[in-house]
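Below you will find one chain, with nothing else, as structure tokens; this is the form predicted alone, and questions on how it binds or moves follow later.
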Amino acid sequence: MLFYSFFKTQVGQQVTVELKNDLAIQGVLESVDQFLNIKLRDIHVVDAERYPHMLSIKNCFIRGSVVRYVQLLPSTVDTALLQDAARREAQSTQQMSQTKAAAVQA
């Protein structure tokens, strides 16, 4: 859930999405869902010579399972907020596992 929440904060920002088939697409992040499916607008392909059929496409939807990497601009990432959210999620996961262990022992 942490990644979904993080990517929701990046809506409207320029991103580069690299797919598992080595296609890299740059565009403005329009939306993202809980499966990390991504919708981009104003796209262009990083290697247009290799993928000329992609030149006419302006918007796209990318299924989350085919994404290898998402590159973000460093200026758009609040690392302190991200670290704090990761710490809170780890603590809540640890508390849940301790509660389950206590319930099993009882």
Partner chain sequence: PYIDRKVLVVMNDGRVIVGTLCGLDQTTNIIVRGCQERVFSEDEGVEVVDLGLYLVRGDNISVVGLVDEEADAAIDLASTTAAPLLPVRH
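Residue numbers count along the first chain shown, from 1. If you're wondering where the values come from, they're calculated on a predicted model, not measured in any experiment.
Heads up, the form predicted together with its partner chain isn't pictured, but that's what we're talking about next.
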{"property": "Contact test, all of 26, 36 and 72, partner its partner chain in the model of the complex, heavy atom 4.5 Å", "result": "no"}
{"property": "Residue contact check: residue 89 to its partner chain in the model of the complex, 4.5 Å heavy atom", "result": "no"}
{"property": "Contact label in the model of the complex: residue 50 to its partner chain, heavy atom within 4.5 Å", "result": "yes"}
{"property": "Interface membership of residue 58, its partner chain in the model of the complex, 4.5 Å heavy atom rule", "result": "yes"}
{"property": "4.5 angstroms heavy atom contact with its partner chain in the model of the complex for residue 63", "result": "yes"}
{"property": "Heavy atom within 4.5 Å of its partner chain in the model of the complex - the one residue of 82, 11, 19, 96 that qualifies", "result": "19"}
